[in-house]
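Shown below, as structure tokens, is a lone chain in the form predicted alone; questions about how it binds or moves come after it.
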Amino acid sequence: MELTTHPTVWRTLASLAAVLTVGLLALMYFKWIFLALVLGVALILLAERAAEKYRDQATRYGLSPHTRWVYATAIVLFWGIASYAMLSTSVDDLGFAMQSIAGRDEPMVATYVERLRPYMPNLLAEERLTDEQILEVQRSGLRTVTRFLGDLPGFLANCFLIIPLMFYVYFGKGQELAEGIVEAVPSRFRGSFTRASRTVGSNLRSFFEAKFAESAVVGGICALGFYAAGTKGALALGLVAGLLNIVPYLGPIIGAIPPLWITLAVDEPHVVLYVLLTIVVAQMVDNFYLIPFMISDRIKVNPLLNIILILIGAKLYGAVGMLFAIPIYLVYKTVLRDSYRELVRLHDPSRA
């Protein structure tokens, strides 16, 4: 399609882009509510896909409605109980390790430096950090953790309030709400609006599915590696590493800190080598297989553009911007592209 020169088309597109941007900025201002909404959307899309897969399998094997309900309930209960049992044991082990660390009087970072010194190259071992530098590193880390823990209760409260409501509205009133929204759109734009909505939903679902699969694979590799290394709370630390891996570039680094911290504090220093090896293997699988062959195929974003968008998101909103740069771009791209085509069809048919 050739670019149009019709001023009405470009004025309308500019107004639409401005409305999208204002809405986005308003959501980003209430960061934790925005994160809860995005998490709710991701869970809804994943739950919908899981339900579709289950219905397809149930239809394939000719299960009755009652049998489908029984099997679905049994599957959810089994995985819920199994996950709780495994995670509770891992969290308990992690808690004991944290209590052991908290009971020590000496600065943690200083302890790590002294324990690792025999394993460092001579040049690094000769460099002596001052006590003030060591304490500053420790204070900086504690400030970051404290800030995160201070924000966490508010985020969880938003999730418990917003996400169940989103599930009720989507699965209970979704069809009625969608029909009402479509009816409110002028008749000449309804076809384009419906297509754009479906495309946005499909793109977002593909993105969240790909990131969920990536997180599950990386978290699984880390959990197995940490368990083999004998790290306390291996499953919980693997889960944290997988979840943080969702954040591009920065997430894997942050996810590596807890297992290294725990291992250095309560295990022999050489055990950290196994933890490091696990993290390196997980990142190699992620960067050389998952991202090129799974993530890129699903979201269909040019690799160079992907990097640029993530860098812009990081500059504007830090880790949150890095995480949501791609889905926000997909929404903008779909809405503006479909709107442009519809506006050209109405105002400049010769270019359509």
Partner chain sequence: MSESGARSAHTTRIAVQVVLFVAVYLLLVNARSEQINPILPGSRMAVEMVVPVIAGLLFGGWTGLAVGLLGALAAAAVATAWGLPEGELFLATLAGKQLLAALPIALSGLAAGWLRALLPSPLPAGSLLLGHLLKIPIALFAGQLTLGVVAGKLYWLGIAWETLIGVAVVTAATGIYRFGIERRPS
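Numbering follows the first chain given and starts at 1. Because the structure is predicted, anything quoted here is derived from the model rather than measured.
The next section is about a form of this same protein that is not shown, the form predicted together with the partner chain.
Under a 4.5 angstroms non-hydrogen atom cutoff, the partner chain in the model of the complex lacks N245 among its neighbouring residues. For the chain shown alone, L323 is not a contact residue for the partner chain in the model of the complex, no non-hydrogen atom being within 4.5 angstroms. Though the partner is left out of this view, T199 does not reach within 4.5 Å of the partner chain in the model of the complex, counting heavy atoms only. Contact check for R298: a non-hydrogen atom falls within 4.5 Å of the partner chain in the model of the complex. Contact with the partner chain in the model of the complex holds for all three of Y61, M86 and M294, each having a heavy atom within 4.5 Å. Shown alone, this chain has one stretch from 187 to 195, 247 to 255, 166 to 174, 71 to 79 that lies within 4.5 Å of the partner chain in the model of the complex by heavy atoms: 71 to 79.
Among V91, V217, L260, C159, the residue placing a heavy atom within 4.5 Å of the partner chain in the model of the complex is V217. Interface residue among L276, A178, A265, A228, judged by heavy atoms within 4.5 Å of the partner chain in the model of the complex: A228. Scanning 199 to 223 for heavy atoms within 4.5 Å of the partner chain in the model of the complex gives E209, F212, A213, A216, V217 in sequence order.
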